[in-house]
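Same protein, same chain, two forms; see structure 1 and structure 2 below, as structure tokens.
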Structure 1
Amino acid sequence: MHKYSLTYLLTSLLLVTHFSPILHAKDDKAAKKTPKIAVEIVPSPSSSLVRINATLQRYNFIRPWEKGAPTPRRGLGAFITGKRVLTTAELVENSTYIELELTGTGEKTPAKIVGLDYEANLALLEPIDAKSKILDKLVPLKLDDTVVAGDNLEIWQVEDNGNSVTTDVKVLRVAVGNYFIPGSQLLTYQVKGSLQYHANSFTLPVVKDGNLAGLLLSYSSKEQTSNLLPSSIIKHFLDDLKDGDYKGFPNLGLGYAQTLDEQLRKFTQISDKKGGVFVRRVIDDSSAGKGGVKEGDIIMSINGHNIDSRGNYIDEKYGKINFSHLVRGSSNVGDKVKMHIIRDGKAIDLEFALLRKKPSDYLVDPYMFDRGPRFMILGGLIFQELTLPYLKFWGDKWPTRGPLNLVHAQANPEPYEKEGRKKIVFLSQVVKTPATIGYEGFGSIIITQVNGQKINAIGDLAEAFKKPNAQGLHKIEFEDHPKVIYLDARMALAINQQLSKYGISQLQNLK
């Protein structure tokens, strides 16, 4: 159950009446001391949280020249040292406008993003106007680094009228769990406690003994449990930002299977040993791939920590958690990792650097924010670069509803990468124009060549279309039916002009 801190409410009201607004955050104890020190020492929801109003506008992947309807979003950020506001990346994704609002007075100032990591779901904001003083009145939160399972935490909220609300929750377990980006897993705290939202959206700061312990990631009203983004991940994010060159969290680039199966243990010659996980898949250009890990290897230990047959190790602080925390959440890009493996019954020690594969390094970008899809329209043919967000436009059931050839290419990029492709460029649809007569209904077909040039990314397409053949025709070749079509180059240009007039705001986005 959430509860109002009654004493706090009363005193803050009293204080607001009698003192200047700067002091409205103090409680009884603080009130007795000098105001100056009190502000430094005692943060509270109303003194340390900032309301964030963001307007987001998503891109349309079916009509790539369009953006969707602007949608408002509200959340709370934590004011931290350095006069910045920490919140989730989810709150400010694809934002067109962000402002910070004081919970008490309602003063507002436009803000900009100074740090952003969608995989860690974190964003750092500051006022655009460097001279803005509205944040000066707030008490910065320090980062906690003591939370373990069993601890009691407070989820902090502020009501519309500026009143603080705190909700007690208890940490059930610390585990590696899902974040905002599917597939991106990092450390989470799972906490128990009923929660009511007070005029805010999902992003809420969580505090232990007055220090920032994490941010709320999700809440299940049925189970009355929440997942929190812990302070250790926040610290990693903030430290990484310090030198102005943000590197993010490394990824290993392998998939594993448990080795509970005794027959598999015998087969892989580890039955006389304890633990270990079976490497099912290794991504070639990943940390593991470059570091020499191979499919079929058994990972026995990482940096001296034994891995059990389920893939967990004993963390000094958190206890039994998944080994990915070793190579991701608690490591930096460039760190060396030591791996003890068994390959064909022989022990091998590997040491390699941890890298991060950026979303743009993938053949099919796994996520994409703050930019529109790359596309090109010519004469009514609409070409696009394949991204996972494009496939997700088919809805939650995109793996079965989306075009099978594109879904399959996304899941099996290797053959395309071997061909030298950077991205998959495909004909997404055909708008009927005089230049595309007879081509109606073609769509979702992967392009191989245009005018004899291989198309490895959308930029190649724009280049290739500069060189029609002697007859003034473009030749476009596909992986599948209809294999090859031609387009009248001059007519296509003329139609592009008409399409502009017709209201298509943008005929290409190659960046």
Structure 2
Amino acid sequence: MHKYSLTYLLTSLLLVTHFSPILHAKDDKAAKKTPKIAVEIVPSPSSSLVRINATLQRYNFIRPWEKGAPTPRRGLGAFITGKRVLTTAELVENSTYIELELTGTGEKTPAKIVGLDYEANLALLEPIDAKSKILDKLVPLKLDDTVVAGDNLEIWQVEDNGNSVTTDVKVLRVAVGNYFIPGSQLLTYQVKGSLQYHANSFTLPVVKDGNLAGLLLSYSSKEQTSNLLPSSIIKHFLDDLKDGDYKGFPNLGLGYAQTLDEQLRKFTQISDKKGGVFVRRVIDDSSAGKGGVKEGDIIMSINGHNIDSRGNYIDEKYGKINFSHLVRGSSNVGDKVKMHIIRDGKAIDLEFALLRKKPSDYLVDPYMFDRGPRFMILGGLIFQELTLPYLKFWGDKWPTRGPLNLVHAQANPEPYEKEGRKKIVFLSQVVKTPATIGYEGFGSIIITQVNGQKINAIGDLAEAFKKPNAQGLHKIEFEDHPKVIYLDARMALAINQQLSKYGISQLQNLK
């Protein structure tokens, strides 16, 4: 019984051992014939977001020859088609170094800016090394431009340990609001939802059904509301970059007032009409100025959209929003705009091209990034061009705490523009030297002429100082007290050579 069983078992074992390779081979062939199921990789915080590490160094507008200390900044960017990373301009302002970092592995590569618009608060980055492959592992996010009030969105974050974090928010309304640059108003989404702080919270992508719906602009922990930069503005930015000639978002170039007051409506002869806004200011070389719009006009409609007394119109997609979206959000530089106005009780139709006025084209630069203040130092006298960043060194209350004459000039540029000035040049401060004895207390005084030459920009000042009078003196004239001062030309040049002792490393920046 046992012998039979043992023989049977040995025989069975040999049979199995002998034929098993054949069986395995057949199994392998069968396995090769079995089709593989492709696994689709979908966008997610871990597969579509990139950490951005930037080193920033701001310019000093009070001591224009200096820059501030380098400071680090971190944020998140959205990986999009073309192997590029989209983020806010605020994250990379005045950057001296930028790198991209994978959230999962920590791999890094130096990056460069290939598109930048501070008014739209958008920046586009790509690796400096065109052969870098670290972004090949990511899944690009596509734009979703279907967001309307009532939609549910997700704010994506990634912690330092690589864990993904999503926050559900709901769109309360779509409006026109402030962006990074004061006075720069574009379309925004206001959303409701409690956003927790996590690493890299400076810039956060917002998605709808796995597609990029916008970028976080601001968050109020008290109200638990956020303002988002919508994908329609992002699309405008990306489309403009395609041909390599970025033009930006057009400016209309006017200020207006609501016409809710019945006396104003009667005065402007629109009592029998509905809506309209009162034009209280027009910038001469702006779209509106060149297009024939004048102060006192009543704008009744733009491109066929009626404007109400508060300055709103009914948008087909978003509902009631400010009319500036017709110019800045849904139009391009060069597009024609049709405007129906009332002037002195008469109806007039205007048609003109939309332009964009660059910040450097304004009498007082509204913002300055990636470039320092223009200035000149001679003999201890420090001259500068007036800019809004200079005034903001007096803090958030600069309109009341800043130098009164300079604040007034910034708010009322028209008289200077009519004089032909391109910039306002002023004496900002005085370093005590043998050439400036008695002038130490002077500062914040607007210059009119130097050596008989009118000063319309800092370059004029440099040229004028090349021509002292016969006595070897520079005659410097101002709008206000002390009206006129004199500077010894030879002594001033000698002192310039010694100013490095005061820690002044650069004597001028005229570009």
Partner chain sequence: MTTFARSPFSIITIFACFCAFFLITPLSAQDKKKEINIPPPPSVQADVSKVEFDAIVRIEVEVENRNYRVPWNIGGLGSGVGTGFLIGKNRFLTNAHVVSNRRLIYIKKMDRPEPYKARVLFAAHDCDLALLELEDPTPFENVKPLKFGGTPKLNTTVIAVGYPIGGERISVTRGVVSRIDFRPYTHSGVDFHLTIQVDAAINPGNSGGPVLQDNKVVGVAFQGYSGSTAQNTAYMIPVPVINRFLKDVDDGVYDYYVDMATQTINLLNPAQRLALGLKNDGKGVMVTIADKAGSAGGVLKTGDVLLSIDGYDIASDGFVTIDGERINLNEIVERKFVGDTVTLKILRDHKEQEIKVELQRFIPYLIQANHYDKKPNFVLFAGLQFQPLDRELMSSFGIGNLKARYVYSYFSREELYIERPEPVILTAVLPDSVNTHLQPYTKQIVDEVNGKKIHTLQDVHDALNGDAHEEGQENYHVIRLLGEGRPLVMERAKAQAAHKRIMNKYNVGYDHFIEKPLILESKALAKAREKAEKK
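Structure 1 provides the reference sequence; residues are numbered from 1 along it. These numbers come from a predicted model, not from an experiment. Here the rigid core means the biggest group of C-alpha atoms that line up within 1.5 Å when the two forms are laid on top of each other.
task: Working through the pair one at a time, identify the form predicted alone and give its number.
output: Structure 2 is the matching one, since it is the form predicted alone.
message: Please state whether S500 has a C-alpha shift of 2 Å or more between structure 1 and structure 2, with the rigid core used for the fit.
response: Yes; that C-alpha moves by at least 2 Å between structure 1 and structure 2.
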